[in-house]
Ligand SMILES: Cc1cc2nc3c(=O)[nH]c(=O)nc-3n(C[C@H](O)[C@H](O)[C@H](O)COP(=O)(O)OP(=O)(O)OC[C@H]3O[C@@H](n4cnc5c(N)ncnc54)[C@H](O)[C@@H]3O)c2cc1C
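For reference, the chain that follows is the form predicted alone, supplied as structure tokens.
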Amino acid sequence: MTVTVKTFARLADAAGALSNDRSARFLGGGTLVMRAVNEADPAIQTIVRSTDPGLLHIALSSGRIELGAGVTMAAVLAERDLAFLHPVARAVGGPAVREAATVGGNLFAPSPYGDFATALLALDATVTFAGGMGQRELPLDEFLGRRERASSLVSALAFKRPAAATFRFTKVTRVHPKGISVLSIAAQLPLASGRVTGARIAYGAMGQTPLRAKAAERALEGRTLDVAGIAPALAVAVDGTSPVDDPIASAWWRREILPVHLRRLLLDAALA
């Protein structure tokens, strides 16, 4: 199988090449695309890449964070100002993988991968696309619902910086420290007068893509993060999930242990 590689200096030109060729795939870190190429996926005949420096852009402020889609997990770990995301980035493979794996590529990782996308979903991130007609944005949860591929090029992700000690992440795996997820949970848990207000909880490996735990979010609203306060959320923890059976874990097991690990995460947040 012959694969053509096209390199562009500008993201807009790379986006145009993707939109004009249904057999084209964008090459970022390569952890997904190169595996498909090595397995001779007939759907991939063209690889598009870009040297646009905007892909590696990291903008940090007190209120907002923006990450270029080409920022690697290793680059996230190198930023002290992103310490709240270090446990998430560290959960993505081993050191060699983290040097290549990108935050944009993680959005396309199939279940049970996609731990970083799960965290971004809990952070209410937006996705920016590059195109010949300019940039456009889309909420991440809407993007994950359709995961545009050939027609759009993800250029950046942005989200509001979470208040101190409000963001939590946990990954359940059979092999430590870099095993594949049995499931992962990310949560942003703002408090007002000791009660949860506007919680966002996301699950990884509990559906085809990372998903919001909307029933648990609603059940937590106005509650305290103690055993009694979180009980209603745990009762509906698996609502809306659709895990699959795979070599890592069965769907039944994922549903069984999800409330256990959500309970630990919520109670740990109360101790922060």
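From 1 onward, residues are counted along the sequence shown. Since we're looking at a predicted model, the values are computed, not measured.
Same protein, other form: the form predicted in complex with this ligand, not shown, and the subject of what follows.
Scanning Leu121, Val154, Ile185, Leu189 against this ligand in the predicted complex with a 4.5 Å heavy atom cut-off leaves one residue, Val154. Screening Ile65, Ala219, Val33, Leu211 for any heavy atom within 4.5 Å of this ligand in the predicted complex leaves a single hit, Val33.
If you check this ligand in the predicted complex, you find no heavy atom from any of Leu85, Leu140 and Arg168 within 4.5 Å. In the predicted complex, none of the heavy atoms of Gly131 sits within 4.5 Å of a heavy atom of this ligand.
In the predicted complex, this ligand sits within 4.5 Å of a heavy atom belonging to Gly28. Taking the partner from the other structure, this ligand in the predicted complex has no heavy atom within 4.5 Å of any heavy atom of Pro162. Contact annotation for Ala202: none of its heavy atoms lies within 4.5 Å of this ligand in the predicted complex.
For the stretch 52 to 73, the set of residues having any non-hydrogen atom within 4.5 angstroms of this ligand in the predicted complex comprises Ala69, Met73, in sequence order.
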